[in-house]
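We begin with a single chain expressed as structure tokens, specifically the form predicted alone.
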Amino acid sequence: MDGSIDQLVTYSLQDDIALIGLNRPEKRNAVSDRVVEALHIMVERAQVEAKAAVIWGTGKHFCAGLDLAEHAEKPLIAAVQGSRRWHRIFDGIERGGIPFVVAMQGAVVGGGFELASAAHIRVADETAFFGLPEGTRGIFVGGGGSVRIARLIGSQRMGDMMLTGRTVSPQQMEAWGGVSYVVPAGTAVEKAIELAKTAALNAPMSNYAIINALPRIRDMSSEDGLFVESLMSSLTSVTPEATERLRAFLEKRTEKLAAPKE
């Protein structure tokens, strides 16, 4: 066993932002089933207490992926059930009620990349490197990467990473669409908190629609997607928050929008 479950993932609140930290630096924050369960508890807590959340990793690395020592000992059915559990928990991040921003440094490998792909915004510092070494280890991704990562960077690029074991720089990953921001070393958490605070200012219903409608519309036919878009557009526009914000804009009571910082 690798310690009490409440020590594997840290949790704190900074105003309306939940900070969720992977806390196994001695193992480069490798993900075990217990880590995933601890992450689930903190994610659920954040959904209640915060308006946005940041997931980060303690130490020099965000997450070096699956804890292979645990995985190698699993019976087949337990491996299948474990993978499905990861899917449900990571889906709670991707399609929950608040935006999640992930801050990455050092290794973002295998299951770590899968976790990052479930977030809504990805920030990598210049020390980050991305890898999917499953092919070289005789296994296959099991934390949702074949869906989420492939949709971010394309199945061909993902297949290349898995077949060859190559690592990819944050700059290249940004060009591929897998990273939203690349920042100087040691500043990923700071940038992620800044972005989370910006997202937290949005109307809750708008954030909920962005998080939950967009990925579903992507999976629909064009006509079905446009229909759902009309419904979500109408629903968000009649909330009290939207009514007040639109009135404030028309009455010139809102601050002038600044150009976004890269």
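Residues carry their position along the shown sequence, with the first being 1. Here the structure is a predicted model, which means the values were calculated and not measured.
Beyond the structure shown, there is the form predicted together with a small molecule, which is absent from this document and is the topic of what follows.
Undergrad: From the list 55, 39, 30, 52, which entry has a heavy atom within 4.5 Å of the small molecule in the predicted bound form?
TA: Contact with the small molecule in the predicted bound form is made by 30 alone.
Undergrad: Only one of 139, 150, 175, 78 gets a heavy atom within 4.5 Å of the small molecule in the predicted bound form. Which one?
TA: Exactly one residue meets the criterion: 139.
Undergrad: Counting only non-hydrogen atoms, choose the one of 93 to 101, 129 to 137, 150 to 158, 181 to 189 that falls within 4.5 Å of the small molecule in the predicted bound form.
TA: Looking at the other structure, the answer is 129 to 137.
Undergrad: So, 121, 123 and 170: all three within 4.5 Å of the small molecule in the predicted bound form by heavy atoms, or not?
TA: None of them does, since no heavy atom lies within 4.5 Å of the partner.
Undergrad: Applying a 4.5 Å heavy atom distance criterion, does residue 203 contact the small molecule in the predicted bound form?
TA: Residue 203: no, not in contact with the small molecule in the predicted bound form.
Undergrad: Taking the small molecule as it sits in the predicted bound form, is residue 231 near enough to touch it, meaning that at least one heavy atom pair lies within 4.5 angstroms?
TA: Close contact is absent here: in the predicted bound form, residue 231 is far from the small molecule, nothing within 4.5 Å, heavy atoms only.
Undergrad: For residue 226, is any heavy atom within 4.5 Å of the small molecule in the predicted bound form, or not?
TA: No, residue 226 stays farther than 4.5 Å from the small molecule in the predicted bound form.
Undergrad: Given that the small molecule is not shown alongside this chain, does residue 48 nevertheless sit within 4.5 Å of it in the predicted bound form, heavy atom to heavy atom?
TA: No, residue 48 stays farther than 4.5 Å from the small molecule in the predicted bound form.
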